[in-house]
Ligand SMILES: Nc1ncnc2c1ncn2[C@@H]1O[C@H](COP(=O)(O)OP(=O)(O)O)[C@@H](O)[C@H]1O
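Just one chain follows, in the form predicted on its own, and it is written as structure tokens.
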Amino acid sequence: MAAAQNGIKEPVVDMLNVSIRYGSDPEVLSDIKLSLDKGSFHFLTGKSGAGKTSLLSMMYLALKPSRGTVTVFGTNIGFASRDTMALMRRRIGVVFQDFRLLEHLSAYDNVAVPLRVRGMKEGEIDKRVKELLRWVELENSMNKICSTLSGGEKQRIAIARAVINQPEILLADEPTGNVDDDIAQKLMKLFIELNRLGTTVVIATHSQELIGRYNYPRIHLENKSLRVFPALRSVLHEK
């Protein structure tokens, strides 16, 4: 708290000497140190099994570290109550690789869920949901039940649901993996605009084309460890 009062910004996510293991298995991640400033944008890379999902899970408060300290919004999640964690999760948007939609509901109702949880009036919900579904080119499918839609359509619904609340942190696991290039670029523009408005964004991806085209700093996981690489253009500019 003193740091904030002195004008020093606290990171929105801060990990110190963090390790993760599942049961008695070897550690997936070891002695991770990572700080994410408010309004930063990073890609998250690493081979399958490198620990990307575990890292994201700690960021969206679904997993606590086996050892070390994870602080989100200035709160140590190891000591946070269930109610505090629930309130913090409302400030985080997540795009899961398996979507996790409510399959029995329409596209419209899935995207509206976070706004209804907030208690927003239906008129404002209707305006926001329809505007966002137009942006992801699903305005003609908004009343279709999710179980009847394609994987690419479900992915766009999951993204719309994650960003509808203008979260303080957006975490996306392979958000452009099931869509064509035109839609991928449109989705990236959405993430970039959210970031411009102050959202901290982390996108896990295997796409070297995506990383090269948008050229943000990169968090890379390998051999249970983490390295942060600066954006290439920043490096070139410094030279």
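A quick note: this is a predicted structure, and the numbers were derived from the prediction, not measured. Start at 1 and count along the sequence shown; that's the residue number.
One more form of this protein, predicted together with the ligand, exists but is not displayed; see below.
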Counting only non-hydrogen atoms, which stretch in 209 to 217, 185 to 193, 65 to 73, 40 to 48 is within 4.5 Å of the ligand in the predicted bound form? 40 to 48
So, F229 and the ligand: in the predicted bound form, are they within 4.5 Å at any heavy atom pair? no
Quick one: does T53 come within 4.5 Å of the ligand in the predicted bound form, counting heavy atoms only? yes
4.5 Å heavy atom contact, L36 to the ligand in the predicted bound form: no
Given that the ligand is not shown alongside this chain, does V179 nevertheless sit within 4.5 Å of it in the predicted bound form, heavy atom to heavy atom? no
